[in-house]
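Consider the single chain below, provided in structure tokens and representing the form predicted on its own.
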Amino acid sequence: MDKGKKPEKGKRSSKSNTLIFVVIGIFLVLFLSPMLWMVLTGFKHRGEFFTYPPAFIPKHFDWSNFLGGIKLGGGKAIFDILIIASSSALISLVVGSLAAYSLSRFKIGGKNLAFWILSIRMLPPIAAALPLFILYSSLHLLDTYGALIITYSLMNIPFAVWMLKGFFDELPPSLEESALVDGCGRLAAFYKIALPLIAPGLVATTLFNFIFSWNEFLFALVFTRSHVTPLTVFIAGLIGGHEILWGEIAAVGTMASLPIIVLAIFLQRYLVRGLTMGAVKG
């Protein structure tokens, strides 16, 4: 009797696996279709944007939209946001890791300080835009890299502290205590023992902070003019006037997506480990 039931269980499991793959495939098509449409639009001729029915695949792949986007300032916009996002992610990582380690090991501020720090990240950006604009105007920081780097760091540090604290909480304190007994200072134990052990968490936190800065629009619009033009502001500037530059928008959007996609692919194994090991204990 048992031998006769095994094939039925095998068939049920194979059917359930097939159903799961079909559902995942449907969701992938739904989520990736806008991205694929943007990439293909970047290669279309100007007349193909308004055809009916819409042309999904361009007749001839043309690079003129990419070259036009770069000539209009897309290359500089990508360079500007690369500097701003990288600097902000690095500052957030350094300050956030030190603060998270202090909260985890020395219990500074009690149980509620970590959540209070995270609550700063919940502040609506529009509430801080005007006070920061007045401050940066008085310090002559408007339309500079410094204004956005400082602002993004202030917004990303709370997230970094909250996320990294969970990783430090999972590390046994005995590892650092052994290093202290062997003659290491507290800072050396932090740098040589604790940080290497939470490397996946550091990578995941840095990447998230980089993406937050890369995609931010409101602060970039308020604090920049002409000298510094972040990517989101540049793309928004292509909409308006007598014509919407659909081809250049799609081309620059495609170029802007490539760095994030490449980073996610190369750091995939660290991301998976980081997101699974960093659960905060209650």
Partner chain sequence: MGSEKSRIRSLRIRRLTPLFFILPCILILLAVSIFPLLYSLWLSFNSWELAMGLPKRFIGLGNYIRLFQDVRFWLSMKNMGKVLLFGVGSQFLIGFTLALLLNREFRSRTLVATLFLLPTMIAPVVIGCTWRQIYHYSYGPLNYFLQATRLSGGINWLADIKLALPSIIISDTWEWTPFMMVVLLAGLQSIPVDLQEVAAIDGASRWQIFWHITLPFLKPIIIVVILIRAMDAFKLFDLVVLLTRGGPGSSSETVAYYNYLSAFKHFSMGYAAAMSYIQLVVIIIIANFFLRFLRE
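Residue numbers count along the first chain shown, from 1. Source: prediction; values computed, not measured.
Just so you know, the form predicted together with the partner chain exists too; it's not on screen, but the next bit is about it.
A heavy atom within 4.5 Å of the partner chain in the model of the complex is found for one listed residue only; from L130, A199, L139, L175, this is L130.
For the residues I83, L171, V95, I193, the 4.5 Å heavy atom test against the partner chain in the model of the complex is passed only by V95. In the model of the complex, the partner chain lies within 4.5 Å of some heavy atom of A99. Looking at G74, you'd find every heavy atom of it more than 4.5 angstroms from the partner chain in the model of the complex. The closest non-hydrogen atom of F56 lies within 4.5 Å of the partner chain in the model of the complex. Although the partner is absent here, Y145 sits far enough away that none of its heavy atoms falls within 4.5 Å of the partner chain in the model of the complex.
Along 32 to 48, these residues reach a heavy atom to within 4.5 Å of the partner chain in the model of the complex: L32, P34, M35, W37, M38, T41.
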